[in-house]
Structures are given as C-alpha cells and as structure tokens.
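A single chain comes next, written as structure tokens; it is the form predicted on its own.
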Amino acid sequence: MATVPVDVQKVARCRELANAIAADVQQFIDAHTTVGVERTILRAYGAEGVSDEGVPIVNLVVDRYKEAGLLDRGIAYFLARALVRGARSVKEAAEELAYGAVMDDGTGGPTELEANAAIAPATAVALARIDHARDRRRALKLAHAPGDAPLKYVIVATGNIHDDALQSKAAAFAGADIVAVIRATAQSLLDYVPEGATTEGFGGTFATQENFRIIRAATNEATRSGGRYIHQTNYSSGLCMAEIAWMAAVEGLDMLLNDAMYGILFRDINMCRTFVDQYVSRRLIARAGIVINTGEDNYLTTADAVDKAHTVLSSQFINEAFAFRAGLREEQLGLGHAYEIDPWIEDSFLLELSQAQLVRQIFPNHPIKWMPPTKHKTGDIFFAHVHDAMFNLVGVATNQSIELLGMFSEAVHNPMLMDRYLSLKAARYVHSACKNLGDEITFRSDGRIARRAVQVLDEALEQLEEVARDGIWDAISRGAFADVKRTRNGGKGYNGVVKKHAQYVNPLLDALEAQS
C-alpha cells in the first residue's frame, strides 16, 4: 500500500503534548459542572416532558436550583432527597423540585446513605437503557452487514422529520451507507431541547428525542428491506451537547458529530462550558458505543487549506486526547478532515492526497471522517461534479473510512433526491473502478506528496509545542485554530458553568467513569 514518510517519534511526541494539553483542561472539567450537564442527568433519571408553557421540566428544575445557588451540589443530590422524602417516582420528584412551595436547601433531612440508596435504582435503569439500545443496534448490524469502506455518507435536511424519514429510506435505496439529519440552523445556540416530533425547521430539522426515534425506525426499516446496515447520524454539539448525547444513546444512533472545540470556534460558545459539556457527552457516547465525527474540516473553511493544514492534524491529536480521557476507544474516533484546497492551485490534488494519506497512517485504527469540497464550490454544477469525483478518488486511494459525499448542487440549494442519487452513483463508480488503487501505487520518498506530509507533521508538532507551553485557553484566544479568536470568559453559555461543591453528587457520571 502507498505510504508517506511518518516519523514515529514525532507522532509520539505529538500525542504526549496533546495529552498534556488535555490534562490541563481536565483539571477544570473535574472541578465544574454546567446547567446542560445537570439537565442531562435529570433526563437520564427519567424526568421528561414540558410545562403548560412548553418549558422542559429539566430546565425548570435546573434553572431554579442554579438561581438559588444550589446547583453546585449536583441536581442528583436533590432528586435523591426528594425520593427519600416520599416521591413515588423520578417524575414526581422532579416536579416537586420544579414547583414545590418549599425549596430544599440541602441541609438536614435524609442521610447520605439514604439518598444514595434512593437514587441507585434510577442510576441502574439509566445505564440499562443505554446498554439495551447499544446491544439492539449491534444485533441488527450483525444480521445485516454494512457496506464496504469508504462508507458513503449523505445528508437530509427538510425541516420535517417525516419527510426526512422518507428521504433517508430513498438515500439508502440509492446506495447510501450513512444518513445524517442536518440540525436546524442555530439549534446549537438554544439552551433547551425542543420536545416531540417537529415538522418545521430552517436549514434542517430539530434534534429531539422523538425525531431520533422516528428517523432510527426509518433507517432500520431500510436496513431490513435492503439487507445492508444503514447508519444513523445526528449532532451532539452546542449548548445541549450532553443532553443530545443522552437522547442519541438511548435511541440507538450510530454516530454523532461531536467535537471538543467546534462550538467554541464556530458558534462562539464559551470554552469553559464547551470543555465540560463535551466530556460528559463523550462519557455517554463511550458507553453507547457511538462513533463520533470531529469537526476539523471546518477549520479550512475559515483558514487557508494549504497554509493551515497542520492545524487540522494538531487538533486531531487534541480531540483524540480529550476523547481517550472520556473513555472512548480508537474505533469510536471518527477524526475529521477535508478536501478544501483551492482546486486551481497547481498540484492541489497531490496536496490533498498527501494530507489524506498522512492522517490515515497516523490514526490507522480510527474511522476517519473525510469531508468533500465546499469552500470553492460556485454553483457550476458540471465542474462541481468533477471536483467531487477527485475527492472520491483520493478517498478510495487512501482508505478513508467515512466519506460525506459532495453534492454538485452545493452552494445552490439543499440537496434534492436526484442530486443525492447522482452523487451516490458517481461515488459508487469511482470506489469500484479504483477499489485497489492504493495497493498498486507508491509515493516517491523525495517527491511532492512525501515532502508535503513531512512538512505538515513538522508544523503540527511545532504548534502543539506552543499550545502545550501556553495552554489551550490562550491558544484559542490568539486564534491558533481556524484563525478564530475566543476569550476564556466570553461567548454564549458562560453563566451556565458552576464550580462543584466539595460534596458534589452525580452517581450516573461516577458509574460512567468507573467503566473505564
């Protein structure tokens, strides 16, 4: 198989630095919780539904205890005390916390032993729900084998979940291996999760638990009728990152877009909030056996894809380090990168080939997520189809794992059924016609492709040395990634970060951490 030069000592040093960077942040994570994390714990324990005004019960409870300055104990602490006092279910206990005339201030009352015993059954049920969904999904995959890599990944984005279900089945019929429902524009900035099935959305469909259930049923139907496993994907990002991870875990999704820094850089979500939320979301994802897709591809939409290619690689090392700390395994880390170099640059194809091969070799056991050209799409559908074919060629030649297919109508409109069909047809042709190309070619050790790979690794190592020296907080503040600058105390959601009490209680997180 064709390979590029990779200095294993430099790779080891990159991982050592990334681990040091993550370790520094982990100290902050371990000492803090967020309103999103506490809502997630309530959901996992069975607090569901909305008020008469449409506000999720988990928001009512968490906001009330946050405003009272009590959330630092962990909402599970107060939930357990309500159960000891006589609440007949978690739902009844949550309603007491939300609406009770007398608010529990955490003093006196049940002993710690009594509270722990009261919450233990709910913790076991929450874990069992994750395990049941994971095992059911694995059984279906064993019965109906997935397609060959690169898995062909397409999106649907109608705004109406029922239309999305139909389009997902149509995509599977046309040859898709993975279907993602694009989330409604700006849902990542909502500090609550909408309830129930949704039939309207701008630029996509809201991520809700009922929508997950509907789309999972549709792709399972496509799996059984087509005899080939169809993977289901959505987004675990934004201010409700951990809540969405929980919903995806219990509804049996296969993959989630989940990144340690994407929300900070591209949605201006506070970095303290994001680092805590991504850790808890990944603890749930690890237990559920879900594959994450990280977002390094986005760096090259705001920064130059030639000059800043190394930032993709250094971020991949950092994302890997954060993920390992949250208990994920290599086979769950779909690290992202993209085909975003200006196509009119001389030897642009060689540069893309070099980057793809370098990533594949450094992360040999990871299901790499490879993104198509978008930045330089202009609406010229004929050239765009050729551009996407070159992307498909690099993907199959370098043994990428997951390919989000380019659409020739990119920059024109959301993909229609026929657009998706033609993209799938073109990818199927290139993947078949060049299936074993990677085994038949070699790269010159002193050639352009090899030299480029050496350069990118060297620059990534240099950047990681700087980030480890200064800390990732300062690195992000000065625009080290994607040429975007964010401050440690700025951005959305910072007021939802809470320093933990010395006796903070979170039995579910404790159980998830104990697993690894």
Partner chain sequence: MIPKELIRAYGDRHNDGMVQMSFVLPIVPSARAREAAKIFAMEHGLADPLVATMEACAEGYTFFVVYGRSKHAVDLAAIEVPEVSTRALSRDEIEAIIKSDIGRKVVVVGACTGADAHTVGIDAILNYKGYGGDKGLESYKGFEAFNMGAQVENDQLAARARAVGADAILVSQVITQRDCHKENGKALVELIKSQGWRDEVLLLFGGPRIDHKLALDLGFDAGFGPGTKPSEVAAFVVERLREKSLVRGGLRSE
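Numbering follows the first chain given and starts at 1. These numbers were taken from a predicted model, which means no experiment stands behind them.
Absent from the display: the form predicted in complex with the partner chain. The rest refers to it.
The stretch that touches the partner chain in the predicted complex, counting heavy atoms within 4.5 Å, is 181-189, out of 181-189, 206-214, 98-106, 322-330.
In the predicted complex, every residue of the candidate spot (163, 381 and 421) has a heavy atom lying within 4.5 Å of the partner chain. None of the heavy atoms of residue 234 is located within 4.5 Å of the partner chain in the predicted complex. The closest heavy atom approach of residue 116 to the partner chain in the predicted complex falls outside 4.5 Å.
Proximity of residue 89 to the partner chain in the predicted complex: non-hydrogen atoms within 4.5 Å are absent; the residue sits far from the partner. Contact between residue 170 and the partner chain in the predicted complex is found at the 4.5 Å heavy atom cutoff.
Contact annotation: of the candidates 151, 257, 130, 174, the single residue with a non-hydrogen atom within 4.5 angstroms of the partner chain in the predicted complex is 174.
Just one of 306, 197, 412, 124 comes within 4.5 Å of the partner chain in the predicted complex, counting any heavy atom, and that one is 412.
Within 4.5 angstroms of the partner chain in the predicted complex, the stretch 42-63 places no non-hydrogen atom at all.
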